[in-house]
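So this first bit is one chain, no partners, the form predicted alone, shown in structure tokens.
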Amino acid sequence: MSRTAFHDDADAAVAGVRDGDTVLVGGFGMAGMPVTLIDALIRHGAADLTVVSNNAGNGDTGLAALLKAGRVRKVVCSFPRQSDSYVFDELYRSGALELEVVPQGNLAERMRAAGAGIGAFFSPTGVGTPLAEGKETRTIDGRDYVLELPIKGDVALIAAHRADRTGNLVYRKTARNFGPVMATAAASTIVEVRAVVETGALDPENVVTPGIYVDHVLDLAAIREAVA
């Protein structure tokens, strides 16, 4: 029997998020961002959150809307500013938001390490820069490395293309991005999908995230049918 819970109500899917949680949010810009789940999290009201994502929000939707609602205490990301990151920019400059910048490869690897049970790893990225300040460094085979610790999440909010009835996930093109590593790195993974199909309908060779990592699935197709 599947351990994954299926929902046609976004508010129910995020009901377990708590104040102070570390929330891993998928997406590369808007590609693969779980906007429906983020909107539900805003309605839910959980606050004092630490958000881990590649970007710090675009425009005033999705992650940017969560920041604007004042629910986030700290952002951990690799690319905080771009032309439409004005919500983050204003909050950060006013001192209302903490920021930890992590190089993109290290960001992905730190979450992968959490999912794989790796205690820490040495990376050459960031050596000799402010990003290495306060961290252990080591020279290995003549090259300098800095020690990086895993990033674990209380919750992961990600988007996938389809799920089957056991929670197995497939993604669509670049919308895949950080979703797979975030699913393994979080204590609870909540996924919004375009459609849920019967078990066996997905080609096993194409399954990227096994259902063992998936706790809740929000079926966007079911929501659309209910509204129609």
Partner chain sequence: MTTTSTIEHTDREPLSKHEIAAIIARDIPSGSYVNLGIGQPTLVADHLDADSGVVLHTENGMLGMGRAAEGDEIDPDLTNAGKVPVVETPGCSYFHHADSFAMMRGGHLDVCVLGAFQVSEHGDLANWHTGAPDAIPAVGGAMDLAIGAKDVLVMMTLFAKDGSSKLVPSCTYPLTGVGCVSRVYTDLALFEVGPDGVTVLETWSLTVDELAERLDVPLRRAKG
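Positions refer to the first chain, counted from 1. Because the structure is predicted, anything quoted here is derived from the model rather than measured.
The discussion below concerns the form predicted in complex with the partner chain, not included here.
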item	value
Any non-hydrogen atom of residue 15 within 4.5 angstroms of the partner chain in the model of the complex	no
Any non-hydrogen atom of residue 95 within 4.5 angstroms of the partner chain in the model of the complex	no
In the model of the complex, residue 130 touching the partner chain (heavy atom, 4.5 Å)	yes
Contact label in the model of the complex: residue 69 to the partner chain, heavy atom within 4.5 Å	no
Proximity to the partner chain in the model of the complex, single hit among 188, 61, 184, 36 (heavy atom within 4.5 Å)	184
Those residues of 136-162 which, in the model of the complex, come within 4.5 Å of the partner chain by heavy atom	143
